[in-house]
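Just the one chain here, the form predicted alone, laid out as structure tokens.
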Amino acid sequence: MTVINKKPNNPIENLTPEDVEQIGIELDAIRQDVLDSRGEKDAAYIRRVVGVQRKLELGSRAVLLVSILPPAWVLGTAGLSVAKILENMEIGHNVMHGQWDWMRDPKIHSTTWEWDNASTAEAWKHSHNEVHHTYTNIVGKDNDLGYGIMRVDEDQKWHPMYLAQPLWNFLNACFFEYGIAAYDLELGKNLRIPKEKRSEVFKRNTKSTLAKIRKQASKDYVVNPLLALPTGSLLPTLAANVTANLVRNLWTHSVIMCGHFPEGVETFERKSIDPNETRGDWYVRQMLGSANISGSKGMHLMTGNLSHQIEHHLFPDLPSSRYAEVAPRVKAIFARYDLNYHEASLPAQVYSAWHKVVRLSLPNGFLATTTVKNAPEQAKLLWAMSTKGSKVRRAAQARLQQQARKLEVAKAA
């Protein structure tokens, strides 16, 4: 086993090398079953989603032409927000993963799709598909983990600047598409390099990204508002586009945080990963470094099925609509090898992720650390403390304190 975890309650301590390779074999079999059964039903699904999204966007923009009327503004803004979320999450993200390339449809192909986002498709595919999905949750290699601006693990040295981490995270959520564009460019690293020494690749990518941002901004903040000028709806339409982009950014950020950042999701040190990592090792790292969101079919659709983040990280090139189908089989493997299938409701996962952001902004020990085994329960308890009546809140607080005491005893031992 090449994935080494030295933290308390090591989630892989009971796995033998043979177990790890068997996990890889079983997951490969699940993947092959889906590959062999892809067909017209899957193709019809993605074409239907694309069709609905386009009609919803066009209809919402048409309604916004008379958005000086409050009901029209509310309806158009809500519709445009949903359309942008669908385009980014269930369509753009998954199309650019190559999930639908097998259809050989140039309109829904990873090489031709350009999404409604500040980041270019090519830059995103490199940073996300090639880097993030290869080096998932390896601190210092996977900049998708904390986007290079946050402390994401207790073993990272604490600095006073991390006290502002919750604020950075909130601002990043509000302007998420631009944060992703900066991350795709590795902007922080490249800006530290003297201008004359920056690579031609970075200069070319920066030029493409700025052109993309101008195009997106022109569409949302110039062209569509001007089309509404004859009805006196220029400013309401402009406000609607700003609101829709904000809603899309906040939603996308929340979904991604829930998939990678809740308490109990594992991170890994560079030195703990063998350069000759096996397929089984890679699978186990994806299993430990991802978390799911429970919910309805509608919620899964709006997350781009990233509510099945565990299944997505195991099988990033399978049709997203099939994740719910394979999830029970994946969950059974987790249970068989006594691994934690990290799943909770959206409110609980959001609360847990933000709890971790705040906890790691402080020196170690200021807030109770969570173990892999108690993470889903602690997320629920934290949520109960913030939303329920006083009796339930006191019971949840007592349970959390009990967990903290047990953890301290375990550390001391």
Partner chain sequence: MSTDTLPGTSRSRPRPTLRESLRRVASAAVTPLEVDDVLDVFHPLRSGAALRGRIVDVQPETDESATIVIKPGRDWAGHVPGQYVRIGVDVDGTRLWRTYSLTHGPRADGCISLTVKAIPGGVVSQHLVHRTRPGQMLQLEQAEGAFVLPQPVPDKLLLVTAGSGITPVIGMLRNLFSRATPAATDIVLVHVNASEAAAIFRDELRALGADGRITLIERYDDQHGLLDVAHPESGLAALVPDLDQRLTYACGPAGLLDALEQHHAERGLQLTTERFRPVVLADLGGLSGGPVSFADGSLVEADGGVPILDAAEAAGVLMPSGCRMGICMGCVLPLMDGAVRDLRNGALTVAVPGETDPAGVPIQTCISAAAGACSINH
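Residue numbers count along the first chain shown, from 1. Keep in mind that this is a model prediction, so the values were computed, not measured.
Heads up, the form predicted together with the partner chain isn't pictured, but that's what we're talking about next.
Visitor: Just one stretch in 244-252, 221-229, 284-292, 261-269 has heavy atoms within 4.5 Å of the partner chain in the predicted bound form, so which one is it?
Guide: Comparing against the partner chain in the predicted bound form, the contact stretch is 221-229.
Visitor: Could you check which residue among K215, R279, H126, K331 gets a heavy atom within 4.5 Å of the partner chain in the predicted bound form?
Guide: None of the other options qualify; the answer is K215.
Visitor: I need to confirm a contact call. Of W158, W102, F170, F202, which residue comes within 4.5 Å of the partner chain in the predicted bound form, counting heavy atoms only?
Guide: Partner contact (heavy atom, 4.5 Å) among the options: W102.
Visitor: For the partner chain, considered in the predicted bound form: do all three of A43, L58 and P106 come within 4.5 Å of it, counting heavy atoms only?
Guide: Yes.
Visitor: Look up in the predicted bound form whether G365 has a non-hydrogen atom within 4.5 angstroms of the partner chain, and give yes or no.
Guide: Taking the distances in the predicted bound form, the answer for G365 is no, it never comes within 4.5 Å of the partner chain.
Visitor: Report whether the minimum heavy atom distance between P70 and the partner chain in the predicted bound form is within 4.5 Å.
Guide: Looking in the predicted bound form, residue contacts with the partner chain do not include P70, since no heavy atom lies within 4.5 Å.
Visitor: With a 4.5 Å heavy atom cut-off, would you call Y162 a contact of the partner chain in the predicted bound form?
Guide: The answer is no: Y162 has no heavy atom within 4.5 Å of the partner chain.
Visitor: Considering non-hydrogen atoms and a 4.5 Å limit, does the partner chain approach R54 in the predicted bound form?
Guide: Taking the distances in the predicted bound form, the answer for R54 is yes, it comes within 4.5 Å of the partner chain.
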